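For this one, two forms of the same chain are given in structure tokens, first as structure 1 and then as structure 2.
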Structure 1
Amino acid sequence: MRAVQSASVLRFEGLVVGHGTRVLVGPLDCDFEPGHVHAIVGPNGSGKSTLVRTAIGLQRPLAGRVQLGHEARVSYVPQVVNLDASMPVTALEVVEMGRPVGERRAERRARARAALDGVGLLAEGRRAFALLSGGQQQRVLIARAFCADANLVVLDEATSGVDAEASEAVYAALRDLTREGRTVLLVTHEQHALARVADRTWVIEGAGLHLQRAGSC
């Protein structure tokens, strides 16, 4: 992966992703514009999660390369988060983990509270993380990602298991991120999310990735 001075926040150049010798998607040559919500959709097993993991450097490509925009900072919420729910921390403290080390405590706390409020959980901030429902824990982790100083936020089925009202709060927060000029990469199977929040919808078909709106890839 290389960081480049580019108008795109993320670029694929001949990118091929998969496992071992099995190709799931590619080769791809695509640009992702900054300041938008880019949704990635496709059938189960089509390679959506593998693609985003490769895009942010958690998995090596089989071929080609990923280029991140200049000074790219990435925040990621996977499908399954390995955070020990028995940790003696509050919801607010979990969100604060997304802030830079060494930041003033008052600033860190204020930013974390704002992020929790953005996903509709400010009232639960003092509750132990372990006592929250599964959907609430997921929203806390989304808030942690929002709270980080990232200009590329990647969510892999992050609202799966979250009720409709809470999902709406998350989508509204995503729109706020793009108004700040940040970019969101959203893997989802929820069709209503596309109408509510996606600026660009990328569809995995076969081994290709096609832009459903605003052009093609």
Structure 2
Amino acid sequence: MRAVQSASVLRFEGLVVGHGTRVLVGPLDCDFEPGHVHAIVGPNGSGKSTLVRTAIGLQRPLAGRVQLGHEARVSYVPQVVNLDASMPVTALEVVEMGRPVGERRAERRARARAALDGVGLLAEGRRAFALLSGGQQQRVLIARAFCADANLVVLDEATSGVDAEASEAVYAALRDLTREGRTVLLVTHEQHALARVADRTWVIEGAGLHLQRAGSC
């Protein structure tokens, strides 16, 4: 992965993703414009999560390369099942994990409290993460991503398990991010999310990625 100087925040060049020798998607050549919500949709097992994980450097590509925009800072909302929810950690401490490692504690905490307030969970900040409901845990992770000052925010099925009201708050927050010039990459299978928030919809069909819908909501 290397930085690009162009207007594109994220670019795939001959990118092939998969596990071991099994190709899921690719080769792909495409650009993701900044300041938009890009939704990636596709059937279960089509490689959506693998694609975004490869895009942000959490997994090695099988071939080709990913180019991130100049000075790109990435935040990622994973699916809750991938976390060690039995850790002795509060909601506020999870959000603090979005901030740089060397940051002063007071500043880190203030930013985390603001982000937690943004998803309506400030009152739950001192509760153990493991004792929150699935939807609340997902919102805490979204707060962590928002708190990171990232210009590329990646959400992997982030609103699954989140109630309608909270999902609306998340979508509104995503729109606010794009108004600030940040880019959102959203993996989802929820049609509602697509209709409410996506500017660009990319569909995985076979091994290809096709831009199905472009234009602001």
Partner chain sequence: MLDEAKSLFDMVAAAVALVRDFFLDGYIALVCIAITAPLLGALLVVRRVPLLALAVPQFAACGQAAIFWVFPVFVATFSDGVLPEPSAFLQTVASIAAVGLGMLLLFAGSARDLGSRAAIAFLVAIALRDVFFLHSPYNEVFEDLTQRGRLLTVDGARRNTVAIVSALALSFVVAVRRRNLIAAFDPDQARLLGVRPGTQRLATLLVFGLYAAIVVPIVDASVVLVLALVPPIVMRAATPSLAAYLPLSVGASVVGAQLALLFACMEGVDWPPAPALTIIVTLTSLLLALPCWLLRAHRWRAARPR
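Throughout, rigid core stands for the largest set of C-alpha atoms superposing within 1.5 Å between the two forms. Quick caveat: nothing in here was measured; it's all calculated off a predicted structure. By convention here, residues take numbers in order along the sequence of structure 1, the first being 1.
Only structure 1 matches the form predicted alone. Superposition on the rigid core between the two structures places the CA atom of Ala72 less than 2 Å from its counterpart. For Phe146, a C-alpha deviation below 2 angstroms is recorded between the two structures after rigid-core alignment. Per-residue C-alpha deviation between the two structures, core superposed: Ala110, 4.9 Å.
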